[in-house]
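Here's a solo chain for you in structure tokens, the form predicted alone.
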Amino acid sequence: MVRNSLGRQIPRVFAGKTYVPYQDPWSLQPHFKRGTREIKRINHTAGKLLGSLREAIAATGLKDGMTISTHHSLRNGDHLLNELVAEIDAMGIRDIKIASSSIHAIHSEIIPFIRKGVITGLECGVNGMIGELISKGELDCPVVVRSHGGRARSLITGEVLVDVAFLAAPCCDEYGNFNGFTGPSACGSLGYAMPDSVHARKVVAVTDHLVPYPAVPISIPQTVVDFVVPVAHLGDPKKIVSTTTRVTTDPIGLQIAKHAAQVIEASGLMKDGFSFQTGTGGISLAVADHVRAMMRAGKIKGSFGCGGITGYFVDMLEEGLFQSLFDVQCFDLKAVESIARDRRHQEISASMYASPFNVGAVVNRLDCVILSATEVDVDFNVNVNTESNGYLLHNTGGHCDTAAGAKLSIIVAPSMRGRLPIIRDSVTTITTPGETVGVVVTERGIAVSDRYPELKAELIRRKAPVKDIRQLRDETYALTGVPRPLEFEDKIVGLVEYRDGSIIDVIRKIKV
């Protein structure tokens, strides 16, 4: 074990791989050449169309010990991963690692297959019951949680080797060109599938909407697809939308959004060319409503909105408030419809969006990002992976990517949830380092990092409720009491990887 720069004890080796401890957001340089798949040539008359998932699994040569991936653009409506794992089990294949872009609550169906040893590791973000059971030690399945940019980086460098990518293809032709814009399972942007399509050793396009050649527009081309498999259905696109993609109506949340809007207005960033992203979460989307009103009032023409795109950003694009949208994932059906018809609504890969190891990610061009949190500490470190009970319940998403890239990152969160304080001495798990966080906003006040003295002075001049972050902690503790430290066992069940590949924290087994 070694202590990283944030004081967290990090293993040098986990699940057979060697890792580097986190030092800071900027200094770790790539020491890999670009990873790539084997160059292939097929007969010019060869077809790619297969009859079933089982036939595709056999054709790819998938065997014990290999790694598969899927993408999560259908979010909690995805059916492919569950069906794929069940088929792998039926074929007697074991010891498979999953390196999907994320797994969601719907994927709790694979829990029996983890118990059976069909799935023995997760190289991906985890949401819901699977993460909780891993935290309790009830599932023996080591997990490495990565941000969206970090995952793209790991595929490009070859740190994570995907043997077979099974990619949901909502509209596909028999030669493997596909997009997510049309069909019964249309999900919009396929930005998270793009790195897999280029770097996985084998790529299978799985579709429930096979169309005559060519399927245009082309998001992922025939040149990277080995096989095409028609299935009855990929999933339910209505379940792309979740409670994290609707504006809050809670009075506390609305107050937080109002304070956050004050911060943006005082920052001086709100001017022509303004670029903006909100995370998921009702409060973040309420901030977007305020931004929209401010841009209208100031007749401001923004450059772009980015990230996971919602209907709120689509409306702002259509009003002329932004010139374009950079979309790595559609978060609702209005965004799906928009990306299919409007060329200003641009599909981008997860690498272009947020990878730290390229010569220019979109997050580096962000003026302001609004992000949520499960916990924040007095050093501005943020936790979004675990709840205050220590259970691993959430993916990192683009949280640490955008915080590092944006000129100003604003964390919005209530001061307490269920009588538990959100601002505390130390977060349970560090997802995003305080060095990349600018402002923390709660309903009780606004805490500004010492790295932004001019912004703090301007907010005070405007009579905004500026408070030291320790004052916010103390005010909350006065109501909730000081939280009792959680008890963990020594066993490490997961790692939280920072976007550059270094390990920023660990997930330990909860003592129950």
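Note that the structure is predicted; figures quoted are calculated from it, not measured. Residues carry their position along the shown sequence, with the first being 1.
Another form, the form predicted together with another copy of the chain, is not on view; read the next lines as being about it.
S.K.: Looking at the partner-bound form in the model of the complex, is residue 232 within 4.5 Å of another copy of the chain by any heavy atom?
M.R.: No - in the model of the complex, heavy atoms of residue 232 and another copy of the chain never come within 4.5 Å of each other.
S.K.: Any of the heavy atoms of residue 30 lying within 4.5 Å of another copy of the chain in the model of the complex?
M.R.: Residue 30: yes, in contact with another copy of the chain in the model of the complex.
S.K.: Taking another copy of the chain as it sits in the model of the complex, is residue 221 near enough to touch it, meaning that at least one heavy atom pair lies within 4.5 angstroms?
M.R.: So residue 221 counts as contacting another copy of the chain.
S.K.: Consider residue 255 of the chain shown here, and say whether it contacts another copy of the chain in the model of the complex, taking contact as heavy atoms within 4.5 Å.
M.R.: Residue 255 lies outside the contact set for another copy of the chain.
S.K.: I need to confirm a contact call. Of 101, 177, 267, 429, which residue comes within 4.5 Å of another copy of the chain in the model of the complex, counting heavy atoms only?
M.R.: Selected option: 177.
S.K.: Go through 226, 208, 123, 387 and name the one with a heavy atom inside 4.5 Å of another copy of the chain in the model of the complex.
M.R.: Contact with another copy of the chain in the model of the complex is made by 226 alone.
S.K.: Can all three of 74, 486 and 491 be found with a heavy atom no more than 4.5 Å from another copy of the chain in the model of the complex?
M.R.: Result no, not one residue of the spot touches another copy of the chain.
S.K.: When another copy of the chain is placed as it is in the model of the complex, which of 208 to 216, 140 to 148, 258 to 266, 408 to 416 ends up with heavy atoms within 4.5 Å of it?
M.R.: Answer to the contact question: 208 to 216.
S.K.: Does any residue in 353 to 377 get within 4.5 Å of another copy of the chain in the model of the complex, counting heavy atoms only, and if so which ones?
M.R.: In sequence order, 356, 357, 358, 359, 360, 361, 362, 364, 365 come within 4.5 Å of the partner.
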